[in-house]
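Just one chain is shown here, as C-alpha cells, and it is the form predicted on its own.
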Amino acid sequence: MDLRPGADSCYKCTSCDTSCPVAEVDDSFPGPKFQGPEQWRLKRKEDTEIDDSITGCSNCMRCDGACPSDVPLSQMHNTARGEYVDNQMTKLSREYLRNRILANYGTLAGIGSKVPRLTNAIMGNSLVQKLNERVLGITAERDFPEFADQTFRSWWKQRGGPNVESDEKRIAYFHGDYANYNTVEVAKALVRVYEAFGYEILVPDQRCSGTPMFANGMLDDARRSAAVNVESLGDAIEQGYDVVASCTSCSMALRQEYPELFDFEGTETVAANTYDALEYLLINENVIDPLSEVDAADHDIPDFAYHAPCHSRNQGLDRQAVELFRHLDGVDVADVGDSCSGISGTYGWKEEKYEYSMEIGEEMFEHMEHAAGETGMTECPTCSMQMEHGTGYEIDHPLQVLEAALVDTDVEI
C-alpha cells in the first residue's frame, strides 16, 4: 500500500505530536508526525527501512482526530508497523513471540477457557507471572484477567438463542474475544437490554476484530480474522441485520481500520452498517423517557467516574454515556477528562511499556479519585482493566447500567 501521497497533506503543524500520550512520557518516541508523514516521505527512497521506533506507538489513534489536514496517520502507522514486523523483526526474538501471543489473545483464551478455574489459578500465581515477565516480557505488575466460568457463546447456545423475533428490529452482535471469554456479563447485558427494546439478536460466527493485531504489526493475522468477519457480518447485513459491538475498539476496527487496510468484497458495507451498542440504541430508540422514570436508589445503582476510551473519541461517541445517564435520577456520572487511560490494549502489558502506561494513566486516576463515585464506567475492556488497576474501583459497562435500570423492572419501554 503506497501512502506517500497522503504525506504531502501534512504541513508539520505538530498537532498530532502534542496529542500523543506516548510522546508525552517517552522521550525516545519521536511521535506520530515522524512515524507517519515523515517516514512515508523517506520511503520515496526505495531502500529506506522502517524506523524501529514504530513499535513504540500504542495505536490509540488520537493523532487521527488531532490532524487538521486529515492525513491518514493511523493508517500510515499500521501499515509501517506491518512492514517492519514482516521484513525487519527477527521472528525468533522474544519481542516478536511476546507480541504474537498478545496479538492473538483469542486463540489462547479459547484454550484456557475450556478449564477456566484451573487457568485462572495458574495465571493468577505470582510465580507464573514473574516467569511470564522474565521469559516473554509480559509485565508481572498486572493481574491476568480471569476467565468466566462459561463463555458467552456457550451461554447463548444453552439459552437456545434469541428470545425475541422481529422482522423490523434486528441486530447482529459482534461481541469480540473479551466479552466472550472474560466479561461475559457485558455481553449478557447487551442481549437483555436489546431484547427489552424488542430486538431480534443474531450472534454470528466471528474472530477477533484485529485491534491487538494492528497494534503489534501482525497484519497477516488481522487479515485472516477480518476475512471471516466481513463474510459473516456481510451475510447478516444481507438478511436485514445491523451490526453492533459492545467494545468501542471493535467497532473502530470494523468501521475504520478494515476499509483502510483491506479490500475484501463487502468491507465497505460492513463498515457502513456497524455501530457502537449504546450509539445504536440512542439513534433508534427513546431510551431517555424510560430512564427518566427510574430512581437509581431503588436499583442500587451507584455514582460513577466515567472514562471515554480513545477509540470512542475517534468515533465521536465520547459524551454519549455521560449525557444519557444525566437522565437517571439519583446518579452522579463524572467525566474524568479526556486523557488516555494509558493501557491501549496490549501496550500496557509489555514489561518495557508498563511504567509509561501508568504515567499516561495518572491524570485519569487522579480525576477518578476526585469524582463522587467510587465505581468506574467505560466501554473499553482494557481501559476498564487500567481503571481498576490504578484505583481499585469496580468498573461497569454502560450496558450493565442500562440493564440494572430498565430490565426486569416496572419501567415501561
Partner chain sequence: MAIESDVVVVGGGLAGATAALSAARGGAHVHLISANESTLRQASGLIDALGYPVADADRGAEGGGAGADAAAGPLADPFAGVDDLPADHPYRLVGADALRKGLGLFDDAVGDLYRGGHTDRNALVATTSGRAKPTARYPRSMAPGLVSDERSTLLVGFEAATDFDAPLAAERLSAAGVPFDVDGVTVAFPGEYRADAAVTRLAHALERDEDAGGDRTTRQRLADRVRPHLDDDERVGFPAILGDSHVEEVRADLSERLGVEVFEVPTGPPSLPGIRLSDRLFEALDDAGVSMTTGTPVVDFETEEDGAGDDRIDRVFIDRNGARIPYAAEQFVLATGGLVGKGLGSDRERATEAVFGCHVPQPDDRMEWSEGGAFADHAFARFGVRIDGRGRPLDADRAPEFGNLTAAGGVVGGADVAREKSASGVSLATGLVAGRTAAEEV
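Small disclaimer: the values here were computed from a predicted structure and weren't measured. Residue numbers count along the first chain shown, from 1.
Beyond the structure shown, there is the form predicted together with the partner chain, which is absent from this document and is the topic of what follows.
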| item | value |
| --- | --- |
| Contact flag, L317 vs the partner chain in the predicted complex, heavy atom cut 4.5 Å | yes |
| The partner chain contact in the predicted complex: A271, any heavy atom under 4.5 Å | yes |
| Distance check, A66 to the partner chain in the predicted complex, heavy atom within 4.5 Å | yes |
| Partner proximity in the predicted complex: Y258 to the partner chain, non-hydrogen atom cutoff 4.5 Å | no |
| Options 321-329, 200-208, 298-306, 78-86; stretch whose heavy atom lies within 4.5 Å of the partner chain in the predicted complex | 321-329 |
| Answer option from K188, R153, R313, R224, heavy atom within 4.5 Å of the partner chain in the predicted complex | R313 |
| In the predicted complex, the residue from D242, E133, E279, E231 that sits within 4.5 Å of the partner chain by heavy atoms | E279 |
| Residues of stretch 280-296 in contact with the partner chain in the predicted complex (4.5 Å, non-hydrogen atom) | L282, I283, N284, E285, N286 |
